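Before any questions on how it binds or moves, here is one chain, the form predicted on its own, in structure tokens.
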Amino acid sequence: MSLAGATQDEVRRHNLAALVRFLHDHGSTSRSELVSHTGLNRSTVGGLLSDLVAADLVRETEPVGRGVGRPSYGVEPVGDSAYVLAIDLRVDRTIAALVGFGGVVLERREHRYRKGQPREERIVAQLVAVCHDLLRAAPARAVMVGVGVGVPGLVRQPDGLVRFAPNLGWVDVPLGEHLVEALGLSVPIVVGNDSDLGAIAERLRGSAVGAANVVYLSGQVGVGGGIVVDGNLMMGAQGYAGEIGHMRVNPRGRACRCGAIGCWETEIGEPAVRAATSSPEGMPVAEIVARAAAGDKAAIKGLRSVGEWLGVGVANIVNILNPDVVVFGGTLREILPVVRSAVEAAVAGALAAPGEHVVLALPALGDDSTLLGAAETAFAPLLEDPLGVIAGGRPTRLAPASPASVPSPRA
């Protein structure tokens, strides 16, 4: 941000945002570290921190450090001063959480979809019910900042229309509008692709911290990719970039739910893993991996095949994008330890320059990468104008949790 010609209020807001962003990303620190990070003088940082303490957004702790010179007071975010509602919408269940300032999870819920309802209707109904349940548990004094939602499909930006989510059976679903109507919230609702959000979280708090070029692979029923290039999320013309699960790798392969033949996800997604290992429908991938570890020949042979196809796709990604890190999320994090040698062999067959540089990593955030990435997108208003958001915060008001409040998901 260029501050040339900026007003005093704009400069102050920018400096406050720099402090709040650092505390949100890094947690507890010291005044002296904030001075060093921002380049502001000590008295300016002290004055800004006084404003943030008065707003109950941060607190000061005992002096940090020993030795020569005046000790520096510690500073830490107040986790329950402001929060967001984060949602990871999956094919079989919804995972949702209240995430406080600084990235701390305050409350968490997970609900599998009930059977016997029309698919779209049950997903939205369950999602709304989970949101109501969570928001009733929100800290009474906290300010709600926003809502972030991760969806396994093509999400148009900036309006968040779910254009196509084949594994959900959705076409042109205005999910954000439905949530605004059903929940009656007055905060921003951001809908994004699940893999994009996973990439954001792993780069900020996970296995790819400090890396400028990252690919996050999200493996569930389908496979998606979140791509960070030179520190920026690659969105494409309308936000559809990263659908690497639909990279066609096997022209003689299976039909994909998208309508094409031989997409990568038809070789490495959950259904493909079960088919390759002769496992029954619905068997968790973790259980298949455990069977292989116990010596099951069908599981071993099948996972070997899946690993070879996984390596084919990763080698292509390495050649095209030259990432620093490839993070294997979702069910791929269960598979990678078993098939790592096959994937590494495929990457060794990629171009030497990008292949020798890349790191193949498991997600440090486990199964929560998308969930925490959704939280990060929802925190954007607070990180841009912290005191403005806190001053304008209002108690969360919910619409009645009745069937009438759940709109039809069809556009």
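For every residue, the number given is its place in the sequence shown, counted from 1. Just so we're clear, the structure is a prediction, and the values are computed from it rather than from any experiment.
The following text describes the form predicted together with a further copy of the same chain, which does not appear among the structures shown.
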- 4.5 Å heavy atom contact, residue 324 and a further copy of the same chain in the model of the complex: yes
- Would residue 140 count as a contact of a further copy of the same chain in the model of the complex, using a 4.5 angstroms cut-off between non-hydrogen atoms? no
- Message: How about residue 319 - does it come within 4.5 Å of a further copy of the same chain in the model of the complex, if we only consider non-hydrogen atoms?
- Response: yes
- Taking 4.5 angstroms as the cut-off for heavy atoms, does residue 203 touch a further copy of the same chain in the model of the complex? no
- Task: Find the only residue in 75, 227, 335, 310 having a heavy atom within 4.5 Å of a further copy of the same chain in the model of the complex.
- Result: 227
- Message: Give me the residue from 125, 275, 187, 235 that has a heavy atom within 4.5 Å of a further copy of the same chain in the model of the complex.
- Response: 235
- Message: Each of 154, 246 and 252 having a non-hydrogen atom within 4.5 Å of a further copy of the same chain in the model of the complex: is that the case here?
- Response: yes
- Task: With a further copy of the same chain left out here, work out from 87-95, 173-181, 275-283, 227-235 which stretch has heavy atoms within 4.5 Å of it in the model of the complex.
- Result: 227-235
- Query: In sequence order, which positions of 329-359 have a non-hydrogen atom within 4.5 Å of a further copy of the same chain in the model of the complex?
  - Reply: 349, 351, 353, 354, 356, 357
